[in-house]
Structure formats: structure tokens, C-alpha cells
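Take a look at this single chain in C-alpha cells; it is the form predicted on its own.
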Amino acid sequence: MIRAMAGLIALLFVLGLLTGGAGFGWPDPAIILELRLPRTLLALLIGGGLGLSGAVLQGALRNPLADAGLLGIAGCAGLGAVVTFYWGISEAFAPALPLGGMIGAAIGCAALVLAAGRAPSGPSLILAGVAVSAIAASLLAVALTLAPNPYALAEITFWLMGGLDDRSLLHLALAAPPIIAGAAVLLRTGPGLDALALGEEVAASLGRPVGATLRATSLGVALAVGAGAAVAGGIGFVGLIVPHLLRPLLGERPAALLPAATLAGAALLLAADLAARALPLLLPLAEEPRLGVITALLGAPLLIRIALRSAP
């Protein structure tokens, strides 16, 4: 299965390099290097980070509805980026947008760990995440309400819908290191997640410190998802549905899902980004739809199907 997904990712990656606004084909090498390659690599990295984060969070919190949005990290990253829009910093200094998002994600992670307490548990981390998410959403609403002009409001709203268009090698250089570092942290949580599946008390009796596993989960999600949200805006449903798609094939053991969830998340976002680019070529659309809208349209029906299948 891993080989099949790797082959699918390779195919989608090549198609991503060959598909653009002008149609399908091999363009000028400068277009490949400066536009399509960074966009395709970012889709691969961000999708992998979202899929892996969803699998780890659902295992750590023993909650099938857990994803990165539950902890508020993505919301804080979006808030940090919106601040750079609001004060005009991103216009004067282009890297300020992703950097602001990463700073917001770091602040959100720190607030999450502090709110969860010195000995975090699954319920305390969920409650802390809900609180951080609510605060970030409230501040985002304030920023939208007090936008200095309609153009700033439209730009902020457009960015929050998520997308990878016009992303450059600079965005890739800023986002790739934290995403890779976060994925490395999350992949090491496998044994702790297997122990947590038996309950927190059993995990502690097996010598797996619950607090350390949950803190590592928070840190890894902040790095992987926060950096992705800082560059691409809001992209939902990937981390939520990928583990559900894999469990019928790989079983319920959390650690067994992690490598496959990384690849499946990457493939899903590559396919969604490819669809966003191809739709204006196939339908009478003035411009390509936002990537966050595509993932929602793909994810919501799958989630409904999973819910109906699991109903008694």
C-alpha cells in the first residue's frame, strides 16, 4: 500500500508540474522553477503534515473527530498572518505574511501547553484547544470587522479560504523546515499513541509518560500545521478524513497509520490542488477555486459517508 501511494504521489506531482492556467503541457523552465515546482512541493508538504497531524491527534486524544483545528493552532497561524495584512506589514515586506503566521502558531502552541497545565491529559488538552481556537476566531472576527478598507477585507477573506497560487521558492524555504521538523516529532510518537489507546492510566503503567506524549503532539502539530497554515491559509478536512479512510485498510493501531497518513494526506492535497488548477480549463470559471473550498467539497461527503457507515 505504501508503494501504491508513493506511485500515486509521483504521478500527481508530475501532473502538477505540467498543469497550469494556460493548459496542459511543458512550459518555460522558469515557470516550472518559480511557480509550479514551489506550489506542488508545498501541496505535498502541507498535505503530508495535515494527514499525519490528524492521525496523531485522533490517536493521542482517542477522538475520531480530532484534527488540527480542534487545538486552535491553525486559527492562531491565520490570526498571525491577518495581523500582517491589517497593519500593512506584508505589503512592505513580503515574507512578513508567512512569518506572521508562524509566530501566531508558536504563540498558540505556547498558550495551549500553558492552558493544559503541567500534567496535560486528553480532556484537558481538548478543552485548552477549544479555548485557544475560540480566542483566535474572536480576534479574527475583530480584525475582519475593523478592516481599514474593503480591499483589505476582501484580501484577508480571500487568503483565509486557503490556496497555493502565486507561492514562490521563498514560501517553500520558509515553510519546509518547520513542517519537516514537526513531521519528525509526530512520527516518533507512535509507541506512545499505541499505549494511550489502552487508556492514560495503562499507558503510564507501561512507562509511557502521557504528558510528554501530549506535549510532543502539540509541538509537532504546531510546527507542521502552523507553518502550512501560515503559507497556504485555511485548508480543512484533510487531517480529519485521512485516518478514517486508512483504518479499514490498516486497522485501528495508531502507530500503523502514521506513515500511510502522511502519504495519503500529501496525495489528497496534491489531487485537490490539481483539481483547482484544472477546473477553469474544463468549466467556464473566471479563476481557479480556492483550495480550502476544494478540500471541503471533497471531505464533507466522505465524512457523511463514514458517519452513515458507522451508525448502528
Partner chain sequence: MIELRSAALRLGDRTILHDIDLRIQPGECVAICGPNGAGKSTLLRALAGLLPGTPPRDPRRCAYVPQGARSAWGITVGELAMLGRLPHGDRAQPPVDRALDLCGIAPLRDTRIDRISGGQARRAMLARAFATDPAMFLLDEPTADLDPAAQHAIMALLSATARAGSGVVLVVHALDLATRYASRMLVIDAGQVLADTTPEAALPIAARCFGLPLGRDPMPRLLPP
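Positions refer to the first chain, counted from 1. No experiment lies behind these values; they were computed from the predicted model shown.
Although not depicted, the form predicted together with the partner chain is the subject of the following passage.
Taking the partner from the other structure, the partner chain in the model of the complex has a heavy atom within 4.5 Å of a heavy atom of residue 253. Taking the partner from the other structure, the partner chain in the model of the complex has a heavy atom within 4.5 Å of a heavy atom of residue 62. Contact between residue 115 and the partner chain in the model of the complex is not found at the 4.5 Å heavy atom cutoff. Residue 89 falls outside the set of residues with a heavy atom inside 4.5 Å of the partner chain in the model of the complex. Listed residues 174, 83, 107, 195 were compared with the partner chain in the model of the complex; 195 is the one with a heavy atom within 4.5 Å. Per the 4.5 Å heavy atom criterion, the partner chain in the model of the complex is contacted by stretch 52-60, the sole one of 36-44, 23-31, 282-290, 52-60.
Site residues 191, 205 and 247 are all in contact with the partner chain in the model of the complex, judged by any heavy atom within 4.5 Å.
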